[in-house]
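Here we start with a single chain on its own, the form predicted on its own, put down as structure tokens.
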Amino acid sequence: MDLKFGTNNIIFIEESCFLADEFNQFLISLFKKLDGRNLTICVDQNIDKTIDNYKLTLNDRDAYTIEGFIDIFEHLEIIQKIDTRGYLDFNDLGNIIRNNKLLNVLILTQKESVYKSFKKLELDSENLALARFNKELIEWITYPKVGNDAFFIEKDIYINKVDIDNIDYVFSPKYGHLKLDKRIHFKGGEGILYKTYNNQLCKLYYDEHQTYVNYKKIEQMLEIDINNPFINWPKDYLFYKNDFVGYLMDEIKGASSLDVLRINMFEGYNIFDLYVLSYNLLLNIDYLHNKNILVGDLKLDNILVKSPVEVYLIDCGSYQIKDFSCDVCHPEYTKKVYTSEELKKKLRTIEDEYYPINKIIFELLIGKNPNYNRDLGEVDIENKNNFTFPLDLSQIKTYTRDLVLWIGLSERMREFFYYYFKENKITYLSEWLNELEVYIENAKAKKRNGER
């Protein structure tokens, strides 16, 4: 990627770029190319706090790498720190660019969320470039969504429909014939769960879900290597007289759903436990996202908990993998409400996943629905951008329990929630996990030191 520099140049560097391979060589060659021309390096205002957080979590290598770059820029007197609200609000930098048409600007970021935030500013400067770094500059480009159409068959002639109410045995190619315990069963949106041998569960689909698409999806899932004990992945197909009827999974014993825990006001869990629980839940979702798998049907009763560090994702057969969609939609956990028919034919994007993620974490940490209107004392079901928790804490006059918990969040967590629910600005899981890890380590350190 070729860059053009004039007499006045600004490079905004998002912190993760400093950790990229050979980034120091890029900066050396850049300084040589500029040859004394005016240069300002812009970084986030809170980068020193980021360095401290890395040190707190014993990530000294990254901490001292970033700190070394900042020290060099400060020595050269070319650094300017800009408030970006944790990379969620770039209006200050946008105004600098708008007010000086002669500036040559390079926005350098590894994070798609930062790139998208700049794109939304709709800056019309001809001298603005957005790039990421992987041993060289690579221009950020908005590609059309790939695989938007899901694998779908209008008329399914391949799968026979089976009345699952009259089945006593099913067959698994890996585990043989399995007897269904008809005394204990659990009904869901797609089918019925029955206990069988060796702490396993058989999920039998209702006839409308006994489809060739679901058969091929389970086939694909069985080929994916999932090495995470907290993701209850399908173990095998299930057949009845050679007809596909469902899949086999492990039973998670001694666990309660998040929905039940919420109804019981998280009895036995303190607020610190809920931060740890949130962190471990997001770790599991991030594991799936890194394999290009979306949960899709992400809701409280599909999450089981044994302890804050034992958080399980269940009902994985409905997940979106490759071009197989998740056609289950619960309106309260979806920003855009899709019909089942839409979801059979179209794939969700990863951005769709962030409404239930933010909603669930908010409810865990604050104890309220994010669309709870504090003035009216009820949830605004129709307007999912209605978010009444303030960034400016001086606006708080009455300290209700939910507002005390809101104040107890870190500043960045409040920003993550506020900018998502008010302005649809996504904070991706890597940043959420980092912030939660720092918060948890800080809490542990305070406890060790006898602080409250």
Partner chain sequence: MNTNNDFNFDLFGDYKLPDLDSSLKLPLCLVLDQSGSMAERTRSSNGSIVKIDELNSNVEKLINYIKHDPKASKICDLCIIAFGGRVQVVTNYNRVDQIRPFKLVAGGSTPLGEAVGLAIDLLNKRRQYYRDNGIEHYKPLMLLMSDGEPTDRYDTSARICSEKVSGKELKIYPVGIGNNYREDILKEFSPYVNPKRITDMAGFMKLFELLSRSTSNPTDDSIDKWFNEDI
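Positions refer to the first chain, counted from 1. Here the structure is a predicted model, which means the values were calculated and not measured.
One more form of this protein exists, namely the form predicted in complex with its partner chain; it is left out here, but the text below deals with it.
Would all three of N264, N270 and I366 be in contact with its partner chain in the model of the complex, where contact means some heavy atom lies within 4.5 Å? Result yes, every residue of the spot touches its partner chain.
*Decide whether F31 counts as a contact residue for its partner chain in the model of the complex under a heavy atom distance cut-off of 4.5 Å.*
F31: no contact with its partner chain in the model of the complex.
**Study point:** Proximity of Y275 to its partner chain in the model of the complex, heavy atoms at 4.5 Å
**Key:** Yes.
Can you check whether K425 is within 4.5 Å of its partner chain in the model of the complex, heavy atom basis?
-> Judged by the heavy-atom cut-off of 4.5 Å, K425 is well away from its partner chain in the model of the complex.
*asked:* When the contact criterion is heavy atoms within 4.5 Å, does A443 count as touching its partner chain in the model of the complex?
replied: The answer is yes: A443 has a heavy atom within 4.5 Å of its partner chain.
Point to revise | Single option in E74, E378, D92, E310 placed near its partner chain in the model of the complex, where near means a heavy atom within 4.5 Å | key: Here the answer is residue option E378.
Only one of I350, I184, I138, V260 comes within 4.5 Å of its partner chain in the model of the complex by heavy atoms, so just point that one out. Contact with its partner chain in the model of the complex is made by V260 alone.
If contact means a heavy atom within 4.5 Å, which one of 408 to 416, 22 to 30, 37 to 45, 63 to 71 is the stretch that engages its partner chain in the model of the complex?
Only one stretch passes the 4.5 Å heavy-atom test: 408 to 416.
Do any residues of 80 to 106 have a non-hydrogen atom within 4.5 angstroms of its partner chain in the model of the complex? If so, which ones, in sequence order? Nothing in the stretch sits within 4.5 Å of the partner.
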